[in-house]
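A lone chain, given as structure tokens: the form predicted alone.
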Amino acid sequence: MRRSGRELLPALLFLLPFLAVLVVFFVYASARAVYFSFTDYDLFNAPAWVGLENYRALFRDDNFLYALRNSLVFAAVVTTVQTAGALVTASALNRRVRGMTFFRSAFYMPAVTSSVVITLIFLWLFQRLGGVNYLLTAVARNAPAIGAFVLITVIAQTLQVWGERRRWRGAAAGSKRAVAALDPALLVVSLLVAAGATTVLGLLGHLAPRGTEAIAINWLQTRQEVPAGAPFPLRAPLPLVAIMVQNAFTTIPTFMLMFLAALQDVPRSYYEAAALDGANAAQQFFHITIPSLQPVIFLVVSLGLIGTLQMFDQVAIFGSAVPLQSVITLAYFVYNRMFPGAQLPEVGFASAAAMFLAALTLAIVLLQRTVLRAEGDR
């Protein structure tokens, strides 16, 4: 007991700075926010107890309803995209190929770049005359050449795979080789053939660019929502879609790194045994990779939901460049009511919104934990 006490004291001293910060900026601040959520308080006058009035008033506020819809749609779409994108990217980069370190570093770069800088770049890209509309215009005008390139690639790949499978079909049992539909060596040949054929057809004038007008989608200064005919909870404003693209671009590399580290621990013998049993790449991915990564998938989805439900910085940077109701989220709603500029801050109302956001985040994370656990037990 005496020895344990001597060891406990230095540990507590080392933990004291962290515990002090935790108590002051989390425990005390959270308790004050819970109390203020039941009061009418503006930082200048004494708090007046109003009970549940602030919580009832939330659902009578149009901006709060827009913020709730935007946060839920943003969390659902971005979490799904970033989880799937990170898993696929990590699987593609989990190969022992010369130069793979460079590609891993290049894919991870958006995660270490300042989110403010990335947001400003995307703010320019989504302007009416920005890079996104320019690329869409280029694709529309060169649709014949792009379509011909894809079609010729598919035809060439199909013919090569069919020929290779036919050639190996008559080989001895020990020398047979499985030919995948997207065999890399055959795919390179197909792409080269398609590029050459498309170039020749273009020079002959069969694939001339179309005279399409320049696409000028108003991504930012609009209240337009997509899909237009969907119910209100399932629609997303175009400015919010632009933020979704930017957020997924910056978060996929971080989660990719987590999946990549987990993939390093999956024994190669699993894939070798599955290949011997005749499993193709897709079957190996769904029956070996995903079950082996179940704990990491839960971690990634949980972090993704927490991060997307509390998304704030992109909305704050977009600021007055877009209509508020098109991009407002619950986190920005709390900030906007707490620091409303020249008006008196609504501390009680903002605290109620913050408590609602915390409860919503906890409920969604617990729900997805239950769903993922049920899927893992099957």
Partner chain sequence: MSVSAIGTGAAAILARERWEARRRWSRAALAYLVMLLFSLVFLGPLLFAALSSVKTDPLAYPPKLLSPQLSPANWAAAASLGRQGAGAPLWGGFAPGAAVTFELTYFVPDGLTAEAPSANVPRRRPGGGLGAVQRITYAADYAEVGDVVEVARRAADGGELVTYRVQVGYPGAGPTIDRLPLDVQSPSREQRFVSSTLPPTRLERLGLVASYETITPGALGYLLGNYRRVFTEARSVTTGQSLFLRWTSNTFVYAFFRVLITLAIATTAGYALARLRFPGRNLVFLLVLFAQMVPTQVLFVSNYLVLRDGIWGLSSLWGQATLLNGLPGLLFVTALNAGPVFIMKQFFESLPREVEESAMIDGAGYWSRFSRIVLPMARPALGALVILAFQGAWNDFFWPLVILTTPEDVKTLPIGLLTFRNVYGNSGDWGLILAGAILSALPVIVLFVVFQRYFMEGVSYGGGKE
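The term rigid core refers to the most C-alpha atoms you can superpose between the two forms while keeping them within 1.5 Å. Computed from a prediction, not measured in an experiment: that's the story for all the values here. Numbering follows the first chain given and starts at 1.
Quick note: we don't show the form predicted in complex with the partner chain, though the next part is all about it.
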In the model of the complex, the one of A230, I290, A195, V189 near the partner chain [non-hydrogen atom within 4.5 angstroms] = V189
query = Within 4.5 Å of the partner chain in the model of the complex, heavy atoms considered, which of T83, N142, Q127, T153?
reply = Q127
inquiry  = Each of L22, F25 and L123 having a non-hydrogen atom within 4.5 Å of the partner chain in the model of the complex: is that the case here?
reply    = yes
query = Do R98 and the partner chain share at least one heavy atom pair within 4.5 Å in the model of the complex?
reply = yes
inquiry  = Taking the partner chain as it sits in the model of the complex, is A48 near enough to touch it, meaning that at least one heavy atom pair lies within 4.5 angstroms?
reply    = no
message = Can you work out whether F286 and the partner chain are in contact in the model of the complex, taking contact to mean some heavy atom pair no more than 4.5 Å apart?
response = no
query = Taking 4.5 angstroms as the cut-off for heavy atoms, does L367 touch the partner chain in the model of the complex?
reply = no
C-alpha of E225 off by 2 Å or more between the shown form and the other one on rigid core = no
request  = Using a superposition on the rigid core, decide whether the Cα position of F14 changes by 2 angstroms or more between the shown form and the other one.
outcome  = yes
ask   = By the 2 angstroms cut-off, has the C-alpha of G131 moved between the shown form and the other one once the rigid core is superposed?
value = no
